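Presented below, as structure tokens, is a lone chain in the form predicted on its own.
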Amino acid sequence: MKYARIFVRSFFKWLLIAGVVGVISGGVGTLFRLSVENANVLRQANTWLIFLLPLGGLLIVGCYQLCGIKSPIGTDRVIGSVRAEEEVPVILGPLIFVSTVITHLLGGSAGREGAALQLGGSIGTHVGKLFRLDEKDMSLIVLSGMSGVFAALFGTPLTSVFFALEVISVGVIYYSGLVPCLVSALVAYSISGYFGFDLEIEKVLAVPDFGLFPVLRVAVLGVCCAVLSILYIFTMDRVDDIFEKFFKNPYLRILTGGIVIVGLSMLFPSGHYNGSGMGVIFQALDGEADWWAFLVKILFTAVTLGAGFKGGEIVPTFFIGSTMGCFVGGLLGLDPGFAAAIGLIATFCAVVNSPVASILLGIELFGAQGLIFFGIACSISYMLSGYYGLYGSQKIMYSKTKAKYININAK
């Protein structure tokens, strides 16, 4: 009975606290999603806004400096807070919200999930302090905040739960966070749905019948996704290093990056590579994509985020994965739309090292009929992407090639 009381008390504790986090995350995530979507619509209707991007960058740096945040704080800081290595400043939430909206409004190439994880981490930290949680429980409440905002943004509650549980330490899933994360994600998802938001991407796929040749084609596509993920992460890191080396001053750094993006936008005036690029993702899922689109998007995103603009890397990952998959899948004899979906899921898996969340993402976005192929592509891309990852503070706890404890940071 003693142990039963402990578990029951813990269960109801997390129902309450994670429920509060879910309500706040759902409200903030819905407002954030609405703001970013409207910012993209406004930018597309007023293409001249791109010329204000350098000034917007100066405003972003100024806001961070004014709030006393001198060094860059990103998703890595949130991941570190789960392991009690660092604390997420509460002010980070409003800062990343405003900065991401500015980036999208003025044409920077970025996603939203980086902001979602930082918003969620900030919410979780604030609520944890309010309830006077100890160090171990603070880690779980930060995870539940990440799950909640992610679910509100993308409409994928199960993916949000397992992404938060997997992304911190590869090879170890924090099952103690399952109930808090699920409660927060479901509450936040319900609130987002109440205001008319559902799945960010939803598509019925032309899934091939299971057989040797479809399996081999999907396997080859999984290999391509692994290679693409390494190229993407390598480019992001090298561009960031270049900015860091030549532009020590954050104002000069972001001003230069903004000017470069304006120049690139003149070379590629379609606007497809500015903002989130959701329109291109939808086209790829319909079977249409330019073969060079993923390369250009990598360049736009690397410059935008390397210069110091805010947002995230995962929606750009969806872009590059779906467009590459659409093109390469067509060459392999797969339906281009189906191959775009495989590319989206498997590239996401490779850059975040979260295979369970990636397979669930495929099911929530595209239905379970392609489950076997999702599993094949994600398994291959996960293993062959090596120890690369978007988040440098992500710990690779166990080897991808043998049952061996290695405990290294993602490259």
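Numbering starts at 1 and runs along the sequence shown. Since the structure is predicted, the reported quantities are computational estimates derived from the model, not experimental observations.
Not on display, but discussed next: the form predicted together with another copy of the chain.
Worksheet item: Using 4.5 Å between non-hydrogen atoms, is Pro157 touching another copy of the chain in the predicted bound form?
Response: Within the cut-off, so yes.
Worksheet item: Can Gly171 be called a contact residue for another copy of the chain in the predicted bound form at 4.5 Å between heavy atoms?
Response: Answer yes; at least one heavy atom of Gly171 falls within 4.5 Å of another copy of the chain in the predicted bound form.
Worksheet item: Within a 4.5 Å heavy atom cut-off, is Ser379 in contact with another copy of the chain in the predicted bound form?
Response: Yes, contact at 4.5 Å.
Worksheet item: Quick one: does Ala45 come within 4.5 Å of another copy of the chain in the predicted bound form, counting heavy atoms only?
Response: Although another copy of the chain is absent here, Ala45 would stay clear of it in the predicted bound form, with no heavy atoms inside 4.5 Å.
Worksheet item: Which of Leu384, Leu49, Leu59, Val41 has a heavy atom within 4.5 Å of another copy of the chain in the predicted bound form?
Response: Flagged contact: Leu384.
Discussion item. So another copy of the chain isn't shown here. In the predicted bound form, which residue out of Leu178, Leu331, Leu299, Met278 has a non-hydrogen atom within 4.5 Å of it?
Written reply: Exactly one residue meets the criterion: Leu178.
Worksheet item: If we take heavy atoms and a 4.5 Å cut-off, which stretch out of 61-69, 340-348, 25-33, 360-368 is in contact with another copy of the chain in the predicted bound form?
Response: Heavy-atom contact with the partner occurs in 360-368.
Discussion item. Counting heavy atoms only and using a 4.5 Å cut-off, do Ile372, Ser399 and Lys402 all touch another copy of the chain in the predicted bound form?
Written reply: Heavy-atom distance to another copy of the chain in the predicted bound form: all three under 4.5 Å.
Fill in: Contacts with another copy of the chain in the predicted bound form, stretch 105-127 (heavy atom within 4.5 Å)
Contacting residues: none.
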